[in-house]
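Here we start with a single chain on its own, the form predicted alone, put down as structure tokens.
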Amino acid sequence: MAVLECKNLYKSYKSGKYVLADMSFSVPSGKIVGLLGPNGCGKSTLIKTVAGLLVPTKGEVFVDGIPVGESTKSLVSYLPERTYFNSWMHVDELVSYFADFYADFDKERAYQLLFDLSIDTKARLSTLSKGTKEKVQLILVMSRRARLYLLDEPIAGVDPAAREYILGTIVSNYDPSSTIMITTHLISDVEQVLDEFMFLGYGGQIVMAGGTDDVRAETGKSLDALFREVYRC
């Protein structure tokens, strides 16, 4: 059974213009998928729809065979593009908050990752840099034992020196029966961990999809090079 499945998905806002249009795909377990495309093509809209934060205009979305709704909230761990925590909270308080709120939260894993990245758990969030706040948020999201992880720009504000560790952490710290979907503009950094990719075009349709290893074998190009070719201005 696919961990994530979309069937004839459409999403429009008040303008009536479709941000996502007739989108159908499925992703099996144990895959890390890159959801890639230019600004405004509907990546974040798709992520939020799968997370249950937006309601489809038409079509269906399933997580682990269950229609997206209240019952799938416990199956999905979502990292939004922007930090949403209250700045007055301490890192310790955030860990306790997640532990109280999510039954699948692994407190021991969270503290180990915070230690590995030398993040002071007694620090107030307001005293941390933008990049460190994003690290904290990513650690909390990845410390859940979810079926589907949705990561919207997880390393955008993180310094290059920490990206390799964070990407390695994503790979080594999730259940191999789960699925991860990542949106990012830093394709050259993230493609090393991707099993599959989807390129979204304007109008919210999939213009290309496949395995990252297949791209290299069939075209002799990196995923980043293929992206630049497909979206050349």
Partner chain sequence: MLGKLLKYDMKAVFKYWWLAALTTVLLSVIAGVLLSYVIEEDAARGVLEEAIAIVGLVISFIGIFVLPLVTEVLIIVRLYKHFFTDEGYLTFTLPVKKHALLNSKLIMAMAFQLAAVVTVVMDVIIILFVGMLCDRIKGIDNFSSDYGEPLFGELSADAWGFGILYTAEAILIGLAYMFVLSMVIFLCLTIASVLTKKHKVLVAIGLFYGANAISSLFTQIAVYGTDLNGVFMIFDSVNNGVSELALKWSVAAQLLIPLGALAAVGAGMYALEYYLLDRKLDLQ
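Positions refer to the first chain, counted from 1. For clarity, every value in this text was computed on a predicted model and none was experimentally measured.
Unshown form predicted together with its partner chain; subsequent notes refer to it.
- The partner is absent here, but in the model of the complex a heavy atom of 54, alone among 54, 206, 41, 186, sits within 4.5 Å of its partner chain.
- The partner is absent here, but in the model of the complex a heavy atom of 96, alone among 96, 121, 112, 126, sits within 4.5 Å of its partner chain.
- Within 4.5 Å of its partner chain in the model of the complex, a heavy atom is found for every one of 74, 78 and 83.
- When contacts are judged by a 4.5 Å heavy atom cut-off, residue 17 does not count as touching its partner chain in the model of the complex.
- Shown alone here, residue 10 lies farther than 4.5 Å from its partner chain in the model of the complex, counting heavy atoms only.
- Residue contact with its partner chain in the model of the complex: residue 89 places a heavy atom within 4.5 Å of it.
- When its partner chain is considered in the model of the complex, residue 149 lies well away from it, no heavy atom lying within 4.5 Å.
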